[in-house]
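This document starts with one chain, in the form predicted alone, laid out as structure tokens.
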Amino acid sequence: MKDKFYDPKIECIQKDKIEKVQLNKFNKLLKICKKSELYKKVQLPSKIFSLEEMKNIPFTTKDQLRNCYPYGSLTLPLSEVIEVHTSSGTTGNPVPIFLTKKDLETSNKVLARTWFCNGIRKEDIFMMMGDYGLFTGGLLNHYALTYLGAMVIPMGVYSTEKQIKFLRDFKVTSMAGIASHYFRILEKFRELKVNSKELNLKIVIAAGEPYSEETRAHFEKGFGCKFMDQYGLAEINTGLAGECKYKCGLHVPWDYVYPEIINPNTEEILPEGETGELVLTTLDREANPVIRYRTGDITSITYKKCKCGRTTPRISRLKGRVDDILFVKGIKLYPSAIESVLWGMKDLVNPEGWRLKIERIKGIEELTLMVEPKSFNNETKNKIACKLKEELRIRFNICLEKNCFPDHKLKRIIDLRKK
């Protein structure tokens, strides 16, 4: 292992060479998938002769994975499975990810590569604040970090005070958690009069939900260290893609998953650089592989060689989810655009604390932005409304309120038009 790359044979391989590997793995995958209830009724070819032919293969959706709960996606005897994790299941049956011994070993190698790309090394004292248990983000990343050789503190979702105590006492050098949780930690820093310069932190990973570059800059200033992004999902694997030190996209392990970007409405494959929905195919999973899974995440992809020297494809930082794109009064609105405007008014508001409610009243769409101000008065409300109208060309009703951050992901959008 060199200090620059974890696995240079894969991270620096040429595109034409990896495509041969991908094609070979995918054809093996086709044979495996036909053994599961999930794909038995799907028209799958016995073999493809080029990756271009993948566009003719049907997509897999989350509803399909939910409908075959609990064991319908398995391709082998249950006795071969050594571990299972699931998605949250908040909107229906949870989606399980089954792991054989080989699956877990492969996961460790691939995720260790992502952590290495983020800048984590064997010498690190790492505090994992992901939720342990069924959630993939805690245990599977924990395994990979120990495989990398780092010392891991399995903190999980203990109180913020305890997390800060361990940051100090164990001289933690790196940590990971849900992005919005770092706002809570910074609030506690202020309450407890913690000086971040006295900590040993060098690299922090904020993942699990999209956040803006303005939010990243806020975190880096507050913690006094680098903040890196990472992408993963329960249906495929956690910690799949991560930034290198140049922060110019998240490197995708193309020997482990095959990425595509599609137009979410027409389902056509989009050219390199265009923004659309990310589709992923597992290339190296035995127990319950997934073909052309529609992630619902909005991003773009580039195959240009990175400044770090890696040739792996890079997806841009997530812009949100397909179901987060708002069409209001004929205008496309991304939640990230609202956040960017609020960061430009950080002298008036706390830009991290906001929610948007959309209603249809007497046939007219009304938007109410609930935001936490520095001071409660009508002048503040008017300034926020005028700036949003100027930047986004949409009129917002402004509601000033005191927000508190949840332990888990913050639900930003409340769209009552669908009800």
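Remember, it's a predicted structure, so these values are computed and weren't measured experimentally. Note that residue numbering follows the sequence shown and begins at 1.
As for the form predicted in complex with a further copy of the same chain, it is not shown, yet the points below apply to it.
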Going by a heavy atom distance of 4.5 Å, is H85 a contact of a further copy of the same chain in the model of the complex? yes
My question is simply whether D347 lines the interface with a further copy of the same chain in the model of the complex - judged by any non-hydrogen atom within 4.5 Å. no
Partner proximity in the model of the complex: G296 to a further copy of the same chain, non-hydrogen atom cutoff 4.5 Å: no
a further copy of the same chain contact at G149 in the model of the complex, heavy atom, 4.5 Å: yes
Flag this candidate site as yes only if L78, L139 and K162 all have a heavy atom within 4.5 Å of a further copy of the same chain in the model of the complex; otherwise mark no. yes
Report the stretch among 243-251, 131-139, 298-306, 109-117 that approaches a further copy of the same chain in the model of the complex to within 4.5 Å, counting heavy atoms only. 131-139
Quick one: from P264, G222, P259, P94, grab the residue that has a heavy atom within 4.5 Å of a further copy of the same chain in the model of the complex. P94
If the cut-off is 4.5 angstroms on heavy atoms, which of these, F98, F183, F227, Y211, is the one near a further copy of the same chain in the model of the complex? F98
Are there residues in 158-191 with a heavy atom within 4.5 Å of a further copy of the same chain in the model of the complex, and which are they, in order? Y158, K162, K165, F166, D169, F170
